[in-house]
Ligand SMILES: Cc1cc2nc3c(=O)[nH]c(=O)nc-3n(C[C@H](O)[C@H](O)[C@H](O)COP(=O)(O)OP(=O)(O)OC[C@H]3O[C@@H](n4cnc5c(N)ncnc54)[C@H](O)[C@@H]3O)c2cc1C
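Here you get one chain, nothing else, as structure tokens; it is the form predicted on its own.
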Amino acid sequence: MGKVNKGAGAIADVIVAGAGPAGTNAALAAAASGLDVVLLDEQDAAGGQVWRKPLDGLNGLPETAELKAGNALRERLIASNVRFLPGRRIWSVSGQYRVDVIGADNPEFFEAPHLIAATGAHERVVPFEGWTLPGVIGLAGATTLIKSGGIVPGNRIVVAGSGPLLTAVAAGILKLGGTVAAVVDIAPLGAWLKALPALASVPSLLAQGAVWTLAIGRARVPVYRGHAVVRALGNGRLEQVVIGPVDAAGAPVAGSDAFTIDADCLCVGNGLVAGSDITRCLRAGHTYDRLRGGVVPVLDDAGRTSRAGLYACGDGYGIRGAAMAESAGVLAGLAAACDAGAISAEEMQRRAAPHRATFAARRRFSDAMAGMMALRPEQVRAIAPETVVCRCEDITRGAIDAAIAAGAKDLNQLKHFTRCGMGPCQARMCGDVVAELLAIGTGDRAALGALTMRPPLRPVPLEALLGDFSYSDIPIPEPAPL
């Protein structure tokens, strides 16, 4: 196939959206089967959030298992015949299938009969008073600073929320010489002990977690289990974090005293939300799965959706972790190759077998970690009326409750009443929590589904879509005869 020109389109056999562990392995598997594959990603290098590449020219960062795995993946990609196009922001998907992107130059589009969506996940933060203060960042944002730039996000840092990212971020800060004032884990110690047999099913990952935990212990960082952030305080920026005990469901314990920790940075996150934007935009069948990160497409065991030629893999389509994302990517790439006639069904099954085995071996560990990160309804129920929930449009919990009382009964109606989800993030930050608030009134979160997804999938400036032109380029018709 020819090289893509400015503002032009190109044809391929398969388009893969997202170059994390899942998408890159999907592209490699499809290309190894003889297909012409275009791999698109918004970042400058493959690897995704988990195996993020450090910034160019940055030396001296600690070598981690994630960095080694990412480098190995990037080397495999360079050695392949996959057409990897970094720095492309996908803003529209349509047809069967056309993908429109914005890159460094003018708009481009790509067309293929097979599209693999591997767009990863985004973090969830359950709102609390003061969460919009400067100095409060997400755990995933902190991870990006640590992995890409070797940057500690503050001088005195509180790490709070739920799931394995807590210990990973705290240990990463300590490794770079930073100060962690406290780790605040919503899960009680008993929840971790209960999960221990499942975690032991993957000894290497359990050992990694133990190394992080020991590093936190050696630094004598206070760890508050069964606690959550009550509010963040500061005059113009974060100065203090107030935390208090919660019960096993995530609800504040009545009558218990909260206490304050001095800090100039709070890294907080409450799990991940599956980024199923592309499959939702193309109206594939979806279901709600609290354990897997929300609304996810219905897939067969090879990643096929309900639409012919459309596949999905990785954390964007069910939170399972990097190892399972790799295998899911290979399965989706093989399924696309089989459906395109590049390999036989028998060859697909033969090559898929070890990756299905990986899925089976990692399932218990994955389920345990996903359970730690799943949204806790009682934590959402405890959001105060004056707390901002949709930060793009500055919509409070009280305004959302008022809209529900006024008759908003589904997510799109609530969006119409309040503007929740109409801002630049397109409900990525608030959508899961807003749906949970609506479910408090309706009683059925699964029945609410998700907000309707439409292009643009990501904010894009109008000038980027217009490209380079002058007024002399605009055709002016001849004057009509008098």
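Numbering starts at 1 and follows the sequence shown. From a predicted model like this one, the values you see are computed outputs, not experimental measurements.
Keep in mind that the form predicted together with the ligand is missing from the display, and what follows is about it.
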message: When the contact criterion is heavy atoms within 4.5 Å, does Thr144 count as touching the ligand in the model of the complex?
response: yes
message: I'd like to know whether Arg89 contacts the ligand in the model of the complex, with contact meaning heavy atoms within 4.5 angstroms.
response: yes
query: Would Ile116 count as touching the ligand in the model of the complex under a 4.5 Å heavy atom rule?
result: no
task: Verify the contact flag for Val50: yes if a non-hydrogen atom of it lies within 4.5 Å of a non-hydrogen atom of the ligand in the model of the complex, no if not.
output: yes
- prompt: Taking the partner as it appears in the model of the complex, which of 445 to 453, 39 to 47, 416 to 424, 26 to 34 has residues with heavy atoms within 4.5 Å of the ligand?
  reply: 39 to 47
query: Quick check: do Gly130, Val242 and Val388 each get a heavy atom within 4.5 Å of the ligand in the model of the complex?
result: no
message: Please tell me which of Val180, Ala335, Leu272, Leu238 lies within 4.5 Å of the ligand in the model of the complex, judged by heavy atoms.
response: Leu272
